[in-house]
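One chain follows as structure tokens, the form predicted alone.
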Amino acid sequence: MSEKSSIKNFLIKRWSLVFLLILLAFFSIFGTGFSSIANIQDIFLAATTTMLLGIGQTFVIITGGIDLSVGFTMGLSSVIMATLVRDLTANGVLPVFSILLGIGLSMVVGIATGLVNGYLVAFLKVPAFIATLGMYGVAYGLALIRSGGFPVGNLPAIVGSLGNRYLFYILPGEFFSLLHMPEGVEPTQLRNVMRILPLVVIVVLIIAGLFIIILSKTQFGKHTYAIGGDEDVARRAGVKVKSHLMKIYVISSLFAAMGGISYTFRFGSGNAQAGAAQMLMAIATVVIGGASLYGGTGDIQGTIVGALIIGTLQIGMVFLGVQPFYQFIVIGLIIIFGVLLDQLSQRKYLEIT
């Protein structure tokens, strides 16, 4: 293969990375202060929830499926954690224990929804679109019942504090603090304090790194790609397709639950609609990242880039004074572009292989 063909292949496969760099350059030129450290961190913060749901969705889409329930699984997990923390704390349980129990129960909810989705798809042969759309409604209804249709507040202050904490706090010439703001900081000094590396971003990137290894370096990952490439061939090769698909949908729902937990920590509350817009965003990150909706291709690295593109658009449009709902139009157009590229790449490998 010629060098020109190799470059063309790279640009088609990783067009999203090139597009991200173009977006960053564009907003840096036309958005005053966009390229500041604080703003770059805001982009990562805006991308964290989408990234979490997108990573789980990546596994599903690689197998040729889709999970439409992630948004309201996220909302249900958020409500479950918030209500449990609120009620336990109100009854005298120490906040640290109520938080741990809330996290644990939210993860159990994620496992339960994933098991139902996986069983319907793998064993009962219900199309993934229908099975997960049904769970979409069930999760949303349960979240509304549990929350009474209102956001769940009155959580201990430590919840929001942990969710919005940074690794370093720096005031040049005054202090360098780890994990917390020093006591006695004057209100006039607060605006000059540099907050570096949000803890939630660090946690999400560590989780992403772990699942990059799982998908790219383990037998589990190879079986995932095999099922997406050809389920019948994978079955004849000895892959336990049904049990593997069950695990895939559990992974997707667990990441949705982590999204709900992240939401509760960041905003200090639970909300049945916390992930209402995240189903579209999660699918968008995977498609923009280069995964094929036909199955068999895709990776988490691409999904991370897709999430950062969405985060950059969200923050960048604010800097330019563009109304937020235009984001959905732009993201929809980018999805269409990504799918068109995917279809184009299927045609004799672009006639260059």
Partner chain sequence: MDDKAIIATKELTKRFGGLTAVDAVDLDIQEGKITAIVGGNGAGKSTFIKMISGVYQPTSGQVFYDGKPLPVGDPLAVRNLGIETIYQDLSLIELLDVPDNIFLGREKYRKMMGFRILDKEFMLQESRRIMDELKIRIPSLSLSTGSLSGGQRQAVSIGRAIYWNAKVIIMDEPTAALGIQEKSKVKELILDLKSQGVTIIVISHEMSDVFEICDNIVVFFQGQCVGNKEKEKTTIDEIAKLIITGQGLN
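No experiment lies behind these values; they were computed from the predicted model shown. Residue numbers count along the first chain shown, from 1.
Just so you know, the form predicted in complex with its partner chain exists too; it's not on screen, but the next bit is about it.
Contact with its partner chain in the predicted bound form, judged by any heavy atom within 4.5 Å, is made by just one of P198, G160, G229, P151: G229. With the partner omitted here, the residue from L210, V96, M194, I130 that has a non-hydrogen atom within 4.5 angstroms of its partner chain in the predicted bound form is L210.
The stretch from 262-270, 151-159, 231-239, 112-120 that comes within 4.5 Å of its partner chain in the predicted bound form, counting heavy atoms only, is 231-239. When its partner chain is considered in the predicted bound form, S243 lies well away from it, no heavy atom lying within 4.5 Å. Contact annotation for Q189: none of its heavy atoms lies within 4.5 Å of its partner chain in the predicted bound form. The closest non-hydrogen atom of T297 lies within 4.5 Å of its partner chain in the predicted bound form. At a distance threshold of 4.5 angstroms between non-hydrogen atoms, H223 is in contact with its partner chain in the predicted bound form.
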